[in-house]
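Before any questions on binding or motion, here is one chain by itself as structure tokens, the form predicted alone.
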């Protein structure tokens, strides 16, 4: 692997992260004279001096005292120490603690969706590529067109209506006691799987078709290469040519798709979580937005951005390992 290429990708990732941190800090403050104003108590019988003192204490509590520049410097220092700030929620919990509580629930949906979509999608895509031009291949192409036009949240609403409300096969809304009552036992795990069924199905429908379409196109492109033609001429069986030679060399686009999916593991299911009332990172972000909880919104955005940037960086490095022709500037 080209060391200069690795260094460039790391520096580029750090630069993008610095831009994200700066924007996350400035955007909540744009057009707002005092972000803490909604948390001031009623003045009542307090004098103006006493009320100003109370307001200053409130600003200090939430790190909104001083100039914007001094707030930014203090915020960067807190980030380097691993502190994403203090939420405005009752009890003033740490933002990182709130994210840590909700993160496993988001990953439950996202990782399940990724694994099911990847495995089934690659199998279906490879099979349809071997049946190019037949009804199996045409069915996949038509399904790809439909899932591209129909958003995942519409599929989620349909599943919720029919499987949740009409037929009552799965719960339309997540049990609110699921998080607080969870324990590492079979009863709790089966309850999570039961409640996660509709959200996961809503996500995997499009995911399977997407991976299948990508795999199908990649396999067909590789199948015309000279080494595949040579393998067939030597009498290698069709299954061996398909899975041992063709699919192995068609993995690069699939790796790219997996990397993009991993980068969206945390923030990619906000709408699905909201539809099914699933207590994940997406629901937490919407709660913060509805209550103008600036530190929590900033913390979630920075956390999800950092996760996505690291995932993209690892994907780029893996891509360069799989294809040594990848070099600086994209030249081959």
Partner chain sequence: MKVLKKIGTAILSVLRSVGSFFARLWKHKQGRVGLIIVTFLILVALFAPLIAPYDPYDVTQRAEKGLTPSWQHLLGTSITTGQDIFSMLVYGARVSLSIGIITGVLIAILGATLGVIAGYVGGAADTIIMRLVDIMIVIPTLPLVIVITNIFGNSYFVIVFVFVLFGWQSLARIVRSQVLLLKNSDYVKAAELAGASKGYIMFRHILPGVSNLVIMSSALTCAGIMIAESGLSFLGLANATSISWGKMLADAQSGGAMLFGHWWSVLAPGIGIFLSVFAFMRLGLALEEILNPRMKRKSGLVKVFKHLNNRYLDELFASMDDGAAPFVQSPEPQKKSKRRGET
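Positions refer to the first chain, counted from 1. Since the model is a prediction, treat every value here as computed from it, not as a measurement.
There is another form of the same protein, the form predicted together with the partner chain; it is not shown, and what comes next is about it.
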Problem set entry | Interface segment, criterion being heavy atoms within 4.5 Å of the partner chain in the predicted complex, picked from 78-86, 186-194, 93-101, 149-157 | 149-157
Problem set entry | Candidate from 123, 231, 220, 255 lying within 4.5 Å of the partner chain in the predicted complex - any heavy atom | 220
Exercise. Taking the shortest heavy atom distance, is residue 106 within 4.5 Å of the partner chain in the predicted complex?
Worked result: no
Exercise. Is residue 309 close enough to touch the partner chain in the predicted complex, meaning at least one heavy atom pair within 4.5 Å?
Worked result: yes
Exercise. Would residue 12 count as a contact of the partner chain in the predicted complex, using a 4.5 angstroms cut-off between non-hydrogen atoms?
Worked result: yes
Problem set entry | Partner contact for residue 135 in the predicted complex: the partner chain, 4.5 angstroms, heavy atom | no
For this session: Let me know which residues along 157-176 have a heavy atom within 4.5 Å of the partner chain in the predicted complex, or say none if there are none.
Result: 157, 158, 160, 161, 162, 165, 166, 173
